[in-house]
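Just one chain is shown here, as structure tokens, and it is the form predicted alone.
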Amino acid sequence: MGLRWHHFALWGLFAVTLFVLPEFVSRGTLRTLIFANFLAIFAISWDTLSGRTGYISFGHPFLIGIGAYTTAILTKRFDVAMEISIPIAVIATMVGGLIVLLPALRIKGSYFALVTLAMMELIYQLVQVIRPDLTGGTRGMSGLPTLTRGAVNGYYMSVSLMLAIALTTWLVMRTRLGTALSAIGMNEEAVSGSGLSVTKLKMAAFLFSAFIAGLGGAVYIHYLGSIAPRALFDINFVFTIIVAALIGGAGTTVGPIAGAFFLTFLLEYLRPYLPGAERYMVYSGLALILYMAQPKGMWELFFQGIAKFDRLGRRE
């Protein structure tokens, strides 16, 4: 797919809009936006593998957790500087995830989903029982060094990272690699029959997805200053990532961002009325309705609205 100037103009307009938001919103809203940015990063990571190739993963926090725990242990237990621990965490996520999950890429459908879910549960149990002096056990770790302080600084950090990842992903997915990955999602046998190595393509998608997950997880816990296995490997966290990508528009880059922002603010809005897990039932119902109305997500609805508006304008 060719790149045109208006594509970059739209990305520039989107970036400028996000960067001027601190001038117009409250500090509380900024904190909500920070979590929306990180959810967008995780949703983009999930979509890079699952949304493009059709290999649905229910264990994405497995990758996020490798990156998060690696940098947490290095900085907390061994006093390694964050500038060193974060790159190491990203590499550990790519290597560790590849060793464990690459064999799973040879299976399809529900079996792949079950294997990834099992891996997430396995690492959840392991971090609690193996060397709790390093991992913090069931309590996790607190007092981790932070990359920045304050809502404004945290927002600029998170939005810069999210935009960098989003733009990089968008550019990569507009290459032949991105086209091939989307083709795998539509007809894997046809891609294999064309002479392309499906295994190598899936490996590339997995490594890129793991890179984003590891980087996002490492930066996320250094924003929070703590890590807790119960929160990181919670099933609601998994579904929030998946739903964000699906209702925003799987197989796109902007779709997961839109879905992440929508879900984050929806959950925050519901908090005063449904402080517990009931909020997730509400958003799951809304997500199901939206997905049934338009399986391609909010991004497709947006384009349909523009097309309808254009047709009405021409009639007049």
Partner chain sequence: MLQVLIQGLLLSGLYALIAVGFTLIFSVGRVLNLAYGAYLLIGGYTYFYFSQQLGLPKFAGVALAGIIGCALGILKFQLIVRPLKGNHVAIEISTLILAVFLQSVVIFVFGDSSKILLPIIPGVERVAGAAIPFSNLFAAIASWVILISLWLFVRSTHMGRAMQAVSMDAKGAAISGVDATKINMFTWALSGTLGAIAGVFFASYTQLYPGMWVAPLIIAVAVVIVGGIGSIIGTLIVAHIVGFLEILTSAYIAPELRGVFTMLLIIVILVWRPSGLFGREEL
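None of these values were measured; they are calculated from a predicted model. Residue numbers count along the first chain shown, from 1.
The form predicted together with its partner chain is left out here; the points below concern that form.
Partner contact region in the predicted complex: 230-238, out of 230-238, 159-167, 85-93, 144-152, criterion any non-hydrogen atom within 4.5 Å of its partner chain.
Shown alone here, residue 215 lies farther than 4.5 Å from its partner chain in the predicted complex, counting heavy atoms only. Using a 4.5 Å cutoff between non-hydrogen atoms, residue 56 counts as a contact of its partner chain in the predicted complex. Within this chain, residue 292 lines the site of its partner chain in the predicted complex, having a heavy atom no more than 4.5 Å away. In the predicted complex, at least one heavy atom of residue 284 sits within 4.5 Å of its partner chain.
106 is the sole member of 139, 131, 77, 106 with a non-hydrogen atom lying within 4.5 angstroms of its partner chain in the predicted complex. Proximity to its partner chain in the predicted complex, defined as a heavy atom within 4.5 Å, singles out one entry of 73, 224, 207, 113, which is 113. Contact with its partner chain in the predicted complex, defined as a heavy atom within 4.5 Å, is made by none of 98, 260 and 263. Shown here without its partner chain, the chain has no residue in 198-217 lying with a heavy atom within 4.5 Å of that partner in the predicted complex.
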